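Form predicted alone, single chain, as structure tokens, below.
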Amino acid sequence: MEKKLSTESYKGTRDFYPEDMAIQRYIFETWAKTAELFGFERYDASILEPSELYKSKGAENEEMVREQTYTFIDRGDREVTLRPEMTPTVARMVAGKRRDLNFPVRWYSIPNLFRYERPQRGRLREHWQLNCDMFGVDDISADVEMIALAYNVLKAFGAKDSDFEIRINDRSWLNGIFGDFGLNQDQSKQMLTLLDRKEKITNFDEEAEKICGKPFILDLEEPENGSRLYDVCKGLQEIGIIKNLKVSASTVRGFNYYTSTVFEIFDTSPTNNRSLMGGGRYDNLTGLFGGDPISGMGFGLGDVTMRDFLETHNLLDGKVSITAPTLMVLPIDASQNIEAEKIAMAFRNAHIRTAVDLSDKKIGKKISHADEVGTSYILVVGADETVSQIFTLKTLATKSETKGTISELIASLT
């Protein structure tokens, strides 16, 4: 006997049934509106990239490239990777059109991304992500604006300041600390990796001493006056982001291309106490493609963690519903189906969302179904209506009725 195919989706991915798609659309639409409120323009690219894009010096996260990418050889004997992140792609695109672009560039995208890792809460093998990037501004105002945009994305969903915490740091400051401590480049890199794991391990001091050869103490409560980190924090406070801003020495981000300001936003709920999004400044990434580097600042926010955050804080209640047709045309039996479709087309041509119930249910069941799915109006089509061309439009919420020709009923809805 032939083996039956599984109805399960590929491990680490999701099927989006209409109720899930309604939430996904709400998330994407809110992301897009907020980014565009800040003057960002939308772009996109293929999910396929040459693997060398992620292996180039300065662009790589070694663990991700080595263990988490979906990489294969195509029919032209080229090594190709399903994009695991969007920043190298946008840097490639900006570098490729640098002579034609009017800087500063503010771009956003909602790309589909892939990483082969262990599926767990907040992390799957496939997800979508809001990516926002600004190129061509070295000033701290770009850092302030990008963090303000990230802050406003959560506020756009109705989140309170107490629902999340912004943790900020500066990699250049950390590298200065490491240099003063006598660490070489390799040791500094290892310490950044260790700091990125600090909140997840219990033996940080022991591991740090192994790397440094002596006890390592890092205590930062307030950034030094006049430093970039100080100025970014001051700028954020001046535009009203004060209550949930925190300087965090262990916030370093996992990618090696970050050069200065880095930040992460954490959910403060005990039931979902995790990083929601993060990003930072990467001033050398476009230099990998030739020419002088163009400064960049950006962040990413995944749809999986976004939905977890919204559900944790009950921010989806009453805001999301499956898109129902405005009008449902109900033929009494199959002999009126084509007439019902003809009528439906007239309403659709007037830009009224209209569906026809082509099932063989009794008319009472059809009416009940229209009500259940959230349809606002119904129009029954039987033999008498087909002959007279006078129809009854019924409002389900109030039970009120309007009689008239199709053109008259369309006029009543427009």
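Given the structure is predicted, the values throughout are model-derived calculations rather than measurements. Under this definition, the rigid core comprises the largest set of C-alpha atoms superposing within 1.5 Å between the forms. One-based numbering along the sequence shown.
The following text describes the form predicted in complex with a small molecule, which does not appear among the structures shown.
Undergrad: Identify whether the small molecule in the model of the complex is within 4.5 Å of every residue in the set T87, F255 and M277, based on non-hydrogen atoms.
TA: Each of the three qualifies.
Undergrad: Given the stretches 286-294, 268-276, 182-190, 158-166, which is the single one in contact with the small molecule in the model of the complex, using a heavy atom cutoff of 4.5 Å?
TA: Single hit among the candidates: 268-276.
Undergrad: Scan P111, G235, G300, P104 and let me know which has any heavy atom within 4.5 Å of the small molecule in the model of the complex.
TA: The option sitting close enough to the partner is G300.
Undergrad: Out of V304, L194, A148, L82, which one falls within 4.5 Å of the small molecule in the model of the complex, going by heavy atoms?
TA: By the 4.5 Å criterion, the partner-contacting residue is V304.
Undergrad: Any of the heavy atoms of L124 lying within 4.5 Å of the small molecule in the model of the complex?
TA: It does: once the small molecule is placed as it appears in the model of the complex, L124 has a heavy atom within 4.5 Å of it.
Undergrad: Do Q129 and the small molecule come within 4.5 Å of each other in the model of the complex, heavy atoms counted?
TA: Q129: contacts the small molecule in the model of the complex.
Undergrad: With the partner left out of view, is E117 within 4.5 angstroms of the small molecule in the model of the complex by any non-hydrogen atom?
TA: Yes, E117 sits close enough to the small molecule in the model of the complex that at least one of its heavy atoms falls within 4.5 Å.
Undergrad: Does K200 move appreciably between this form and the one not shown, meaning a CA displacement of 2 Å or more on the superposed rigid core?
TA: K200 C-alpha, core-superposed: shift of 2 Å or more.
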